[in-house]
Structure formats: C-alpha cells, structure tokens
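Single chain ahead, written as structure tokens, the form predicted alone.
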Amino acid sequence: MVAQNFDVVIAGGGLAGSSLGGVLARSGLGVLVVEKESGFRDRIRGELAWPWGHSEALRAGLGEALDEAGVVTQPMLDFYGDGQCVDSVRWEEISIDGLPAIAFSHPHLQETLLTWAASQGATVLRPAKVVGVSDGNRPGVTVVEDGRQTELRPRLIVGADGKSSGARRWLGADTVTDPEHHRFGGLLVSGVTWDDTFGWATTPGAAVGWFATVKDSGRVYIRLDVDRVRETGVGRTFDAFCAFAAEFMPEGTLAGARQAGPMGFFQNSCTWSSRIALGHLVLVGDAAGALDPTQGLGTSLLFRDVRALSELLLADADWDRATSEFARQRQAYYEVLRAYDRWCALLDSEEGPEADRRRELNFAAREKDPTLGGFAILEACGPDGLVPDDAARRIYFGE
C-alpha cells in the first residue's frame, strides 16, 4: 500500500469498524479500515439487534447497508412454555418509532458493511494488520499487508478488534471480566422455514431461543449452566443440540434442519476495557466492552457506539475532547446494559427457593409497573434515562 494521509485508521473491519468507517468517510474524512480476515466466517456471534439497536443503526445512517444485507425484520417476541406460545410482545406498540427488531447473518452483514464502507469513500485493506501504534502530537500506525510495512500518521486511531482486543494494550488498559454465571450456546441451521418472530422458551434451569436469519436458515441458542452443558452432552453433537432444543420448541420446528455452521458454548460474562480513550486512541464495540450475549444486546450496543462516536467527532474539531466525551457516555450506557444483564441472569437462570421468591416479587412488581422503571422495556427503548442504582434494582426485583 502506498502511504496516504488518513484522518482515521480503524483496526478491525467487523460490524463496528466498518460501520464507523463508512459513516465517517461519507462525511468527507479520509478513513482507512484495516481488516485481518480475507473473508468472514460464522463464529456464533450476535445476529439480532433489538428495536433500540435498529433505531441506533438508522440514526447513524446505516439503513441503506441494512437493506443491502437483507436483514429479517422481527416484529414480535414470542414466549413459549411446553411448546406453546403463552405470551407475545409486539414491538410497534412500545419501541422507538414503532421499529421492529432485526435479524441477520453475522458474516454476511460484516461483508455487506465493509463493502458499503468502501462505497462511501473509505479505503479498505484486507487481509492486513495493524502491528504497531505510537502516540504523540500526531499518532503513528504501522500496517502490514503482504509482508510489507507502511507507516501512517492519522489524526485518530480506532480499535475495533473485538472482545479479545489487542488494541487495549495501545491504551495501557486492562481487560476486566465479570465472574461466569452460565453458558450460552449457538448453532446455525438450514432447511427450516420459520416466521418473522423471535421465539424464546425459558425455565430456571435452561432456555432456548430461535429466529430466522435468512430465508431458509436460522439460529438456535441454548442457555445452561456449565455443569448441565457437560452432563447433558448438548454441545457435543448436532443431534444432541437439536434434541435438547426441540424439547422447548413447538413440535416440528426443527424438522428437516441441517447443520450450517459451527456449534459451541461460551462463558457468559461481561468483558470490558479499563480505559476506552487516551489521547489519539479510542475503542469501540466489543473492544471497548462486550456484554453477556444471553440478552442479545451486543449488536445494539455497537450501533450505539458508532452513532455516538461519529456524531461527537463530526461536531467537535477537538478530537481529544470528543473521544473523552465518548468514553464518558460509553461507560454510562454500558453500565446500564451490564446491570440489566446481571439482573436478568439472577431472575431467569437461578434455581431454588430464594430464586423462586425473587421471581414472585418481580411478577408482582410487573403488575404494578409493566416497565419496571424502564428496565423491562430496555430492548425496545434503550438505556437512555436509566440509572442502575439500588433504587432501580429494588423496583426491578420488587423489593
């Protein structure tokens, strides 16, 4: 690559990096997106954005890219018990602008957004890698492509390299992780024809979720604690995974299903960087902080990051000030989402008399206030205006 003058170099061309790169390039900035993968593949990552995340994506200007990716709209969330639908949430009745949730193939959306970023004027380099960063009055970046090194001097370096981010080291930041609470497994299946709703069946001991990602394919998720994953053998074979999930789903839901991607279970805990911004360096998406995937908030979070950071950079010529403000905002809304993840885990996935009593109190509290102070409609309306303090926790748990 011939050295060019870039305003922004983004390390990582996944959903967060490509979205941010396209939005900034469209505004006239010189943007380089560096992606190490020559092609994206299924890694059992998030494939759903709740209505508030859908709103964040549209506000960031990503509507065209979402249309090109062929996202599947999910107007309803259906709750199941004993294979029957027992309750439903219709998003248009409570969400921002009446928007639905959206589902998608994660690798397909990655490719679409990276292509879209290039169409907006961003330079995309792949496969390539950022191997060195130096800060100063003008930060330095060393990029390697085909064994050749190029030195660049952008105004800003963005780390968008995922949950196991190496970019955190550039900021001298530590990786912080909550204790594991349970495991969450995923599997992509083809040969299924599902409607446009998200199905969720939950008991204290286990939960199963399913939804369509493209026309004839869908994602199935299972929540279990680590001991039950081992005891049931649910993560060992495709047949074992489907047999377990089918017990929670309407009869015939998985008839004709074929394995279409890898299968795996992962630790469910929030992981974040102890520092998000420093000088000419800033982190976004999972690099800044990833959530427990059980509640499916990760994609909505990264779309919020893209909108918030891009708006601040485009509104303020002092980018140090802009990234500092982004770090402040990001920490605030991340803590809301992290608290909600923890509260949901305590409420939904623990067993025993104390946990049963917790659910009874929560049910009674919902009778008085269906929003539970706003946290019960977080998927629809987002984290704005919510504070995860003791008062909010008492409302949520009906204490």
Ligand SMILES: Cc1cc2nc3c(=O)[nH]c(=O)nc-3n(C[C@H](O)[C@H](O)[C@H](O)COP(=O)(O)OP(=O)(O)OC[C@H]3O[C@@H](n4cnc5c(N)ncnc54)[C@H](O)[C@@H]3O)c2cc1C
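The numbering used is simple: start at 1 and walk along the sequence shown. Just so it is clear, the structure is predicted and the values come from calculations on it, not from any experiment.
From this point on, the text means the form predicted in complex with this ligand, which you will not see here.
With this ligand left out of view, which of 218, 209, 298, 100 would have a heavy atom within 4.5 Å of it in the model of the complex? Result of the distance check: 298.
Which residue among 117, 302, 156, 313 has a heavy atom within 4.5 angstroms of this ligand in the model of the complex? That would be 302.
Determine which one of 368 to 376, 354 to 362, 41 to 49, 64 to 72 lies within 4.5 Å of this ligand in the model of the complex, judging by heavy atom distances; exactly one does. The contacting stretch is 41 to 49.
Can you work out whether this ligand is within 4.5 angstroms of a heavy atom in all three of 122, 279 and 319 in the model of the complex? Contact check failed for every one of 122, 279 and 319.
When the contact criterion is heavy atoms within 4.5 Å, does residue 266 count as touching this ligand in the model of the complex? Residue-level check for residue 266: yes, a contact with this ligand.
Please run the contact check for residue 22 against this ligand in the model of the complex: heavy atoms, 4.5 angstroms, yes or no? Close contact is absent here: in the model of the complex, residue 22 is far from this ligand, nothing within 4.5 Å, heavy atoms only.
Proximity of residue 234 to this ligand in the model of the complex, heavy atoms at 4.5 Å: Residue 234: no contact with this ligand in the model of the complex.
Do residue 245 and this ligand come within 4.5 Å of each other in the model of the complex, heavy atoms counted? Answer no; every heavy atom of residue 245 is more than 4.5 Å from this ligand in the model of the complex.
Output the sequence-ordered list of residues from 25 to 41 with at least one heavy atom within 4.5 Å of this ligand in the model of the complex. Contacting residues: 34, 35, 36, 37, 40.
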